[in-house]
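There is one chain below, alone, in structure tokens, taken in the form predicted on its own.
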């Protein structure tokens, strides 16, 4: 399992994160991703046959399912599923697999803050492991704004609870553009722009971690 602690600058700090790919036998691609004490498993199935009712003639159908640690999925999980699905659809070349289905299942093992960004990172690593064609990679970065207006990257659950605003961004690997945004709380336009800039800076470390993790994995198999 690859492990890394990232500090992009004095104002941008990420908790230690780790990843392991291809550790499940049933899915076509799988990955585990850990942000501090937040951990997620991801599994991808497909391309496979799709139900007629869900068939799209010019591209693959992508379904995202998020399972909480305990209980049944609720409104929060449905919202997270939409965010992950929109991000994956923006990066996957779904037109190469028309009239087929892709299923991405994400299992939350523990939530200690920045869960949506951890889900996004686990999803990207599992899609990579499945060998699915993508126009770019993506990563998730969560920012919180505390009562004093300070920006906290990769906040813990306690920091999220004390913050007045919480934002998660999906950043692409090509030009560091924002693919998806999820926000909660009150903030100004300037604060939003600052959080985007901080997230783009933090994404550089995550993408480097992606490269190092994959390089380490294949250097062992070759």
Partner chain sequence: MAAGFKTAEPLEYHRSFLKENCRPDGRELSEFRTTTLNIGSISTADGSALVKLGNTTVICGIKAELANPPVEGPGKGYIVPNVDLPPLCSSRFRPGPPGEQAQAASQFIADVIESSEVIQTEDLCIERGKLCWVLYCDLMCLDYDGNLLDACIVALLAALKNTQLPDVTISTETSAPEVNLEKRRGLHIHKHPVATSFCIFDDSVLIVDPTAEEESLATAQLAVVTDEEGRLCSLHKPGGTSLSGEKLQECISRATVRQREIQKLINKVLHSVKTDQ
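Numbering follows the first chain given and starts at 1. Computed from a predicted model, the values in this text were never measured in an experiment.
The protein also exists as the form predicted in complex with its partner chain; that form is not presented, and the subsequent description refers to it.
Contact annotation: residue 75 falls within 4.5 Å of its partner chain in the predicted complex, judged by heavy atom distances.
Heavy atoms of residue 52 never reach within 4.5 Å of its partner chain in the predicted complex, leaving it off the interface.
None of the heavy atoms of residue 41 is located within 4.5 Å of its partner chain in the predicted complex. Although the partner is absent here, residue 86 lies within 4.5 Å of its partner chain in the predicted complex, judged by heavy atoms. Taken together, 172, 178 and 188 are fully in contact with its partner chain in the predicted complex: each brings a heavy atom within 4.5 Å.
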